[in-house]
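Given as structure tokens, the chain that follows is alone and in the form predicted on its own.
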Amino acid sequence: MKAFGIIFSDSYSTDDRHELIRHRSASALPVACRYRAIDFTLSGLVNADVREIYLLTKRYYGTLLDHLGNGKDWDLDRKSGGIKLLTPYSHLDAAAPDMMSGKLDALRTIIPFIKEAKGDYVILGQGNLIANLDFNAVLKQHVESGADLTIPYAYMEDPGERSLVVSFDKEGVLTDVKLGGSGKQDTALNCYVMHKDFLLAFLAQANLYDWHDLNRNLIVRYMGRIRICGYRHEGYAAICNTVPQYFRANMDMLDAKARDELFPEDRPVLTRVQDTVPTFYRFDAQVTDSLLADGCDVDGTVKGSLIFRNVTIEEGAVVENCVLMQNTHIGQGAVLKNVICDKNVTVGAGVTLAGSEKYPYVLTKGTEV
């Protein structure tokens, strides 16, 4: 069972262009102090010995390219296979020139690559999925069940309005699908496993009928007509389509159970290695229930927060329930609660900022307050 992977760097939704992805791809979102969102799907494929991976980019993919480099940190810098980054192809569309309007548009542009891929099966992955999927187990179940399409899913809390809530019968066959909402529900993880020939046949039909939406036209339209099965992922899972989802996913990393499920020893999450000095805790530093990366300088109070690399927190500053990305500087006596600081943000002395747990206050990249 040889497979190749295709990862979507964005969700291809016009509703997810929030503050944190104005200048970066959704799959390049920093997560858990030292990772990028794409690390989880990419590592899952590598751990399943999938060594031929195509990354479909959409917009603002400079940060993503810088993070991945030549794929060396994932053992994907190889002559045969490895990772191939495919930038958007132009197409004639008066409503949206030079930009793909859906995942099916993106897939149609790489049909020649799909035909040349050496694997018999294809795994479609999502770059902003925070989960450690066992793709070996997914592929094995797909073959043994005789499914035309297999959808990994997980029991998630408040999956969001655009997520797909799925239901399966006793044999694991899809029986119902609807848009998500609040409460804990079985939610599709936007990953799919199928045979390469099935994908090519479907893309030919999508091209004929000018279909754009992968979920609507593959899952909803074909439910009951083909054998669509589910694979239940028992570990931690989150999809970062919105700012609240991103904030909650990072806050979940303070829970030991969620960390254990996301970072099991037998399926390591690989990322770009950066050699930096340890974090320096000064005499007045008080840090509780938080995660801090290397290279930080802390002289204030940090509670229930995630602090990325090279962050400075001066004397008397209080940081509570916050996500501070790389190179953030918090001035003396500043107070932050439920705040996300993007990279290179400076908060001056004595400044007070507060958001809510459901929707944190966001300081965009390079902001000075």
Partner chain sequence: MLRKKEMVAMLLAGGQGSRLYVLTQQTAKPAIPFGGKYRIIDFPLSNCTNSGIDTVGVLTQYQPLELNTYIGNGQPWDLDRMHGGVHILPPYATAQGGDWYKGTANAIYQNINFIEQYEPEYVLVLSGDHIYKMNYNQMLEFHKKKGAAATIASLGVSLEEASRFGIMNADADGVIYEFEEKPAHPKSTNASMGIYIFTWEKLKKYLTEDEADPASDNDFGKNILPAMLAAGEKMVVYPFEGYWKDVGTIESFWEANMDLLNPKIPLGLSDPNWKIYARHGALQPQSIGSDTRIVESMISEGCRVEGDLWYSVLFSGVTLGKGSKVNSSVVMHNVKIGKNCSIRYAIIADDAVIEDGAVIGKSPEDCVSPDEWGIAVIGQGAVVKAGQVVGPKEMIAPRGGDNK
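Residue numbers count along the first chain shown, from 1. Predicted model only: the values in this text are computed from it and were never measured.
Below: the form predicted together with the partner chain, not depicted.
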Considering the partner chain in the model of the complex, which of Thr276, Thr87, Thr175, Asn207 comes within 4.5 Å of it through any heavy atom? Thr276
Candidate from Ala293, Ala237, Leu107, Ala117 lying within 4.5 Å of the partner chain in the model of the complex - any heavy atom: Ala293
Heavy atoms, 4.5 Å, the partner chain in the model of the complex: which of 209 to 217, 193 to 201, 158 to 166, 252 to 260 makes the cut? Say which one. 252 to 260
Using 4.5 Å between non-hydrogen atoms, is Tyr61 touching the partner chain in the model of the complex? no
Residue contact check: Asp75 to the partner chain in the model of the complex, 4.5 Å heavy atom: no
Against the partner chain in the model of the complex, would Ala32 count as a contact residue? Criterion: heavy atoms within 4.5 Å. yes
Using a 4.5 Å heavy atom cut-off, state whether Glu171 contacts the partner chain in the model of the complex. no
Stretch 278 to 315 - residues with a heavy atom within 4.5 Å of the partner chain in the model of the complex: Pro278, Thr279, Phe280, Tyr281, Arg282, Phe283, Ala285, Gln286, Val287, Thr288, Asp289, Ser290, Leu291, Leu292, Ala293, Asp294
